[in-house]
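One chain comes next, on its own, written as structure tokens: the form predicted alone.
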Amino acid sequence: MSETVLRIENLSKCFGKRWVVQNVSFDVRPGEVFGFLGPNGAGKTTVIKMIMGFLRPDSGRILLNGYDREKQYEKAMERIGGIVENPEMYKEFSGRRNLELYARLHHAAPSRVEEVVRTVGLENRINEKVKKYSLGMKQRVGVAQALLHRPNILILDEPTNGLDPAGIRELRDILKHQAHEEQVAVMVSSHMLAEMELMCDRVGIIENGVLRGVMDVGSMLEQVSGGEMYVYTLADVPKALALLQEADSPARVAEQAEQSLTLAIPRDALAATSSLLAQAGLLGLQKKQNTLEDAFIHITGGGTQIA
């Protein structure tokens, strides 16, 4: 996975006087699923729209298969496929007819339509009109459409929208197969952290238009070990919060419930934190397994809802 097929260099975008993306740089390689995470309004969709050609950057470069998207647009976009927001289709036509029309635009063989239909598991419903499809089924047809011309870069914005748990698992398998077996570079934006942890090889986190970090999922989870997660069961949570604030504790609140606090604590501060919280009626202490959600909280400082 050493070659780079998608490279973002110092990408910036301003709406009015507000910079929504600032000097973002990362790359996506063939054979990997790259997850793109961030809070609401962080700039994820803006970045994706610039990659797909729906928005022009104010500064920076986008290279697709080595071609500059601004200067060599047709060459750059030849082998990219994707879905931004909801897939657009002719609702009065069947899923198959929509795919056939799109295949003609890309000079794809009719047999390719059958291949992508099988890939997304829609053999039994592909002849029905799109207006009868659920959002999840439309997402599947959208993925099939994006795969028709055999792209080597696949970009999907919230691809699991509308899918039930079984559908999410199937889509995850499809995307991992495209990356790991077909050597496609897959970039996925999603708010489902647990699912991204299962799906992605590397993850980039963006907040307030600034890229906070890019690393493989394993390394990101290890990084959280500098602030391991512990669940404290307490008799008096408000008192515990006051004690932490008064002591200027390095422990950071990740979650708060009526009788518990989940804290990110540096390794060398665990004993002192536990001793401090004993004054608030410490009833129990449990180490929490690090997850991608913990890593997200660790990197962004927590307290933000992702989307």
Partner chain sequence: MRKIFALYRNELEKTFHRATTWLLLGLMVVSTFGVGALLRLGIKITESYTFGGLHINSQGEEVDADTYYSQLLEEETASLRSSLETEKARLHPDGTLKETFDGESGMGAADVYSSIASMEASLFLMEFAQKHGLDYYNYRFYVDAFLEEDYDFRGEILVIMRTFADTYYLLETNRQYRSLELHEAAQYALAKQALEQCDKIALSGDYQAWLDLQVSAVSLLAGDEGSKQAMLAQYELLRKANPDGKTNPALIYPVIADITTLERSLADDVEYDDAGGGNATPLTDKRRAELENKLAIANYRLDHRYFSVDSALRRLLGVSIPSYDLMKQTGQSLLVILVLILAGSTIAQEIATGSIKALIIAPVRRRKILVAKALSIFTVAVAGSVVLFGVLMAGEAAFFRSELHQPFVYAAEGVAHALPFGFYRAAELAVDLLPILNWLSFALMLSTLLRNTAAAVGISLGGYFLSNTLGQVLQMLPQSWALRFIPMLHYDLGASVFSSGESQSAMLAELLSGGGDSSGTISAGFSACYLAVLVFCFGLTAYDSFCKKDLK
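Positions refer to the first chain, counted from 1. Computed from a predicted structure; not experimentally measured.
In what follows, reference is made to the form predicted together with the partner chain, a form of this protein that is not presented.
**Q** Within 4.5 angstroms, counting heavy atoms, which one of the listed stretches 236-244, 276-284, 45-53, 30-38 is next to the partner chain in the model of the complex?
**A** Partner-contacting stretch among the options: 45-53.
**Q** Is D201 one of the residues lying within 4.5 Å of the partner chain in the model of the complex, judged by heavy atom distances?
**A** Looking in the model of the complex, residue contacts with the partner chain do not include D201, since no heavy atom lies within 4.5 Å.
**Q** Using 4.5 Å between non-hydrogen atoms, is S219 touching the partner chain in the model of the complex?
**A** No.
**Q** Applying a 4.5 Å heavy atom distance criterion, does E207 contact the partner chain in the model of the complex?
**A** No, E207 sits far enough from the partner chain in the model of the complex that none of its heavy atoms falls within 4.5 Å.
**Q** Would you classify Y230 as touching the partner chain in the model of the complex, given a 4.5 Å non-hydrogen atom cut-off?
**A** Heavy-atom contact with the partner chain at 4.5 Å: absent for Y230.
**Q** Look at the candidate spot formed by E114, R118 and E182 and say whether the partner chain comes within 4.5 Å of a heavy atom in all three of them in the model of the complex.
**A** Negative, none of the three is within 4.5 Å.
**Q** Work out which of H106, H177, R150, K132 lies within 4.5 Å of the partner chain in the model of the complex, going by heavy atoms.
**A** If I apply the 4.5 Å criterion carefully, the residue I get is H106.
**Q** Within 4.5 Å of the partner chain in the model of the complex, heavy atoms considered, which of L122, M89, L156, L163?
**A** Answer to the contact question: M89.
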